[in-house]
Each structure stands twice: as structure tokens, then as C-alpha cells.
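What follows is a single chain, given as C-alpha cells, in the form predicted alone.
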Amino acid sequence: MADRIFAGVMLVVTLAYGWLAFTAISAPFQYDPLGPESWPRILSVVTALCFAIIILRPDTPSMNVARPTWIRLSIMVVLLIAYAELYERLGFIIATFLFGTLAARMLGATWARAALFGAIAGVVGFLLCVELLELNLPRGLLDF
């Protein structure tokens, strides 16, 4: 029952967000066909559908989540907040390297493999976004 109550509250929040996305967000010009207005709209529709599915599906018998899982989830939230804060300052590559390394380490990788994953995610992700998608990502400390 708790998941349905949570989904109901979040559905109300999502509908309010969707109302703002469809009525208040307006860009003076668009770089691409989707434009900056479309993403909040798409996000609100998909999120509202997901919460509606949670409300309509049968209840799970219990939500027993072990304490270590809550700790890992809390650490991941802190890592995501740190990534968002450091993204502009350090740049995409360094921030993604740090986040990828720590997240992989938290999931059980050795330090060497975690660092390798973080480096590949940072560099390959940067090159894919900049060269293939032509996105303007922050370069931060690696401003070249």
C-alpha cells in the first residue's frame, strides 16, 4: 500500500510538473527539432505513465530492504549530487571519471578496473557527445 500512496503523491507532483512543461516553458528559438521545450514534456508524460502503472499494479507483499542497500542508495544519491555540483567546475571528463570510478568501486570492482571504467566512460562519453551528437559539454579543467 505504501508504494501506491507514494506513487499517488508523485503522480500529483508529476502532473503539476507536466502542466508547467506544457504551459510555461517556451524557448525563443530551437537548435533542433525536439528543442528545449520537448524534453520536459516527454519526461512528464513518461513519468506520469510510470506512476500510473505503479498505482494500478497489484501490491507487493512487503518492501523489506536490507540496511546495506539503504546505505548504498544513500551513497549513490550523494555521488549523484556531487557529480552535478562538479560537472561545470571540473568538466565532463574529470567529473565523469570520478563518478564512474567511485560508482564502479561501490558496485564491487577493484580500484584498477573502476578507474579504467571511469576513464573510458569519461573520454568515450565526451567524444561521443561532442563529435557524434554535437553537444557542447563543459571542458572544465581540461579546457583545450
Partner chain sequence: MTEVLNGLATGFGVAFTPFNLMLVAFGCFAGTLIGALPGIGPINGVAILLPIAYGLGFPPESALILLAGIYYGAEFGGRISSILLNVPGDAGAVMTTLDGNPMARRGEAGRALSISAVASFIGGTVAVVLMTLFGPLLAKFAVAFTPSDYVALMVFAFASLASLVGANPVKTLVGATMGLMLATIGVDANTGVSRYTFGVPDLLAGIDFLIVVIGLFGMAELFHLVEQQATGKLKTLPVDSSFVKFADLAFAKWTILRSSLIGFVIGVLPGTGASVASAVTYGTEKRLAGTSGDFGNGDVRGLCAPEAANNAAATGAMVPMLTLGIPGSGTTAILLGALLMFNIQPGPLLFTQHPEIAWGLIASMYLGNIALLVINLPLVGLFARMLTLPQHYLTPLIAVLAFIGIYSIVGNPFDLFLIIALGIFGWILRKLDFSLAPVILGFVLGSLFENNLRRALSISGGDWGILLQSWQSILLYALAIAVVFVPIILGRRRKAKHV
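Rigid core: the largest C-alpha set superposing within 1.5 Å between the two forms. Numbering follows the first chain given and starts at 1. These numbers were taken from a predicted model, which means no experiment stands behind them.
This next part talks about the form predicted together with the partner chain, which is not shown.
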>> Does any part of residue 98 reach within 4.5 Å of the partner chain in the predicted bound form? Heavy atoms only, please.
In response: no
> Would residue 27 sit within 4.5 Å of the partner chain in the predicted bound form, counting heavy atoms only?
Replying inline: yes
> Quick one: does residue 119 come within 4.5 Å of the partner chain in the predicted bound form, counting heavy atoms only?
Replying inline: no
> Given that the partner is absent here, does residue 20 sit within 4.5 Å of the partner chain in the predicted bound form, heavy atoms only?
Replying inline: yes
> Listed by sequence position, which residues of 68-92 have a non-hydrogen atom within 4.5 angstroms of the partner chain in the predicted bound form?
Replying inline: 69, 70, 72, 73, 76, 77, 80, 81, 83, 84, 85, 87, 88, 92
> For residue 20, is the CA shift between the shown form and the other one at least 2 Å following rigid-core superposition?
Replying inline: yes
> Is residue 121 among the residues whose Cα moves by 2 Å or more between the shown form and the other one after superposition of the rigid core?
Replying inline: no
>> Taking the rigid core as the reference frame, tell me whether residue 130 has a CA displacement of 2 angstroms or more between the shown form and the other one.
In response: no
